[in-house]
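Shown below, as structure tokens, is a lone chain in the form predicted alone; questions about how it binds or moves come after it.
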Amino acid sequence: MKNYLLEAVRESLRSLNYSAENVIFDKPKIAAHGDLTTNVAMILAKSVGKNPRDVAQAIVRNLKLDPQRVTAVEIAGPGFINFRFASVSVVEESKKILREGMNFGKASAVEKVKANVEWVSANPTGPLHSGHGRQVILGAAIANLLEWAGYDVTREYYFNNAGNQMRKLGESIYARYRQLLGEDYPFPEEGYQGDYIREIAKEIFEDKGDSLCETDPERNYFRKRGEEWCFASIRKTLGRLGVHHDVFYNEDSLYTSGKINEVIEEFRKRNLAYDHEGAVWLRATALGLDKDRVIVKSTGEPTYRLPDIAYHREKFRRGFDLVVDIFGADHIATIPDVLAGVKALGFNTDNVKVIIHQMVSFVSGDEVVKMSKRNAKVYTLDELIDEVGSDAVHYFFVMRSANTHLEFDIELAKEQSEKNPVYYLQYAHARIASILRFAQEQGINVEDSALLLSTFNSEIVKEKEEVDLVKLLLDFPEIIQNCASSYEPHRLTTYLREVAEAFHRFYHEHRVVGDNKNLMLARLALCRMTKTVIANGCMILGVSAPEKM
């Protein structure tokens, strides 16, 4: 319907010799104002030298609309043009929901558009703590949305198994290992103190006994065992949430393959790198930044900027048209440097979308739950899953905008009532499943879409609650596109809540299985449509859609 109106309004504008480029439709905030509205008259008013309402009236006079599709066009306020759809057209269009089923909402593949979504990317220095959950779930939902919007998506995890953090990990495990031998061995400052360090040390002791006391001065064996243990833990946790990655990209490979040196040499060729006081500097001021940046320290150790620049160069060289990076707020200062470096290498950073999510806090009753990998008291993501379940973890982490602080209410996530948003959504799906089972028991083949749709027309589907629900269900494909283009899965949770509420209103007012067979079949069709939309939305969010509750 939006596409139909778009072409009709553009045709009217062309007939008036007005620009037809800036036609945008929105849903009116007040339902009584119609189904769609456009402010194109107000946008054009200044350029054509007329009052916005006069422009709106001229557009409406020149509109050629099928009354079977649009029943009313009204000019409101300073020049909004409001449109109301004909129920016959809405009801007819909704039949595609059952025809497309699990594919309803999926766009045709965007031709040759390859997207790389990189997220989680936690270094293997410990289990994922609950604070990581926001990024874990946010990235998974965004990758799913892009895939549903037609992109060819590669899901990627970038990790660093070298550097100071990994050295601290090895030293921490070694200290616990020595302590297991009964020694009063000092624990390193800023070491990792979680119980998992003792667990790794115990495994090493059981394998090697006391043979490693003096044979590993660099703690390489302990670091490697720690890395393997931690990364296995991370992948196991991701698996519990149904989150997968296609690629695990190791930062160290950028060094062993020579990619780091290639980038330095490329900067030198472009007169963007120079030596000063033993360090290598990026001439960032030539790239529009406030001051030059060190990319290799005088010790020979690269700063974070250099491998990140090299890594992003590789993403483009691997053929990705869209690069999506998901970071916590603690990374915000590093992004301009990396993007400037990538742009200086000749790549279009407009194709890099950086999503910054704010921190999350956890409350359980009146208690604030703390988390830190370097603190002995760690509230892990596994513990959160155990406490509230995978579905609540998925839903709660994306039900607020990423750029706002999130307070995760653990007690609410466990509550089995309509106060719990994920329970409320799943209950709507389960209720529909129950209705369909009951109809099946009465001899109605609810899986026969043709049968259910045989009476699905505007003469039968005419009650306000029915038509309102149909219109809302038809919004699903556009909701997916909008969520994908804005990288905002929280908007999908809002929409699904509205669908559940609309269904409950319909079900409260109208009996589904009854004596009027034609009406029953039509309402069963509407139930199945709603169930399809809820299930598809839950699939994108990583939430299960139960048949029973």
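One-based numbering along the sequence shown. Predicted model only: the values in this text are computed from it and were never measured. Note that the rigid core is defined as the largest set of C-alphas that superpose within 1.5 Å between two forms.
Not pictured, yet referred to below: the form predicted in complex with the RNA.
Original post:
Where does the RNA sit in the predicted bound form: which of 227-235, 105-113, 142-150, 406-414, heavy atoms within 4.5 Å?
Top reply: Within 4.5 Å of the partner lies stretch 406-414.
**OP:** Run the contact test on Arg10, Arg84 and Phe476 with a 4.5 Å heavy atom cut-off to the RNA in the predicted bound form and return yes or no.
**Re:** Judged in the predicted bound form, none of Arg10, Arg84 and Phe476 sits within 4.5 Å of the RNA.
Original post:
From the list Lys259, His331, Arg198, Arg283, which entry has a heavy atom within 4.5 Å of the RNA in the predicted bound form?
Top reply: Going through each option in turn, the one that passes is His331.
Original post:
Given that the RNA is left out here, which of Asp184, Glu189, Glu214, Glu277 has a heavy atom within 4.5 Å of it in the predicted bound form?
Top reply: Looking at Asp184, Glu189, Glu214, Glu277 one by one, just Glu277 meets the 4.5 Å heavy-atom criterion.
**OP:** Evaluate Asp26 for contact with the RNA in the predicted bound form, applying a 4.5 angstroms cut-off between non-hydrogen atoms, and reply yes or no.
**Re:** Taking the distances in the predicted bound form, the answer for Asp26 is yes, it comes within 4.5 Å of the RNA.
Original post:
Taking heavy atoms and a 4.5 Å cut-off, does Ser298 contact the RNA in the predicted bound form?
Top reply: Yes - in the predicted bound form, heavy atoms of Ser298 and the RNA come within 4.5 Å of each other.
**OP:** Classify Tyr304 as contacting or not contacting the RNA in the predicted bound form by the rule of any non-hydrogen atom within 4.5 angstroms, answering yes or no.
**Re:** Yes, Tyr304 sits close enough to the RNA in the predicted bound form that at least one of its heavy atoms falls within 4.5 Å.
Original post:
Within a 4.5 Å heavy atom cut-off, is Leu180 in contact with the RNA in the predicted bound form?
Top reply: Because no heavy atom of Leu180 falls inside 4.5 Å of the RNA in the predicted bound form, the answer is no.
Subject >> Those residues of 453-486 which, in the predicted bound form, come within 4.5 Å of the RNA by heavy atom >> reply: Heavy-atom contacts to the RNA in the predicted bound form: Asn482, Ser485, Ser486.
Subject >> Rigid core superposed: Arg317 CA moves 2 Å or more between this form and the one not shown >> reply: The answer is no; the displacement is under 2 Å.
Subject >> Shift of Lys202 between this form and the one not shown at or above 2 Å (CA, core fit) >> reply: Stays below the 2 Å threshold, so no.
Original post:
Core-aligned, does Glu277 move its Cα 2 Å or more between this form and the one not shown?
Top reply: It does shift by 2 Å or more.
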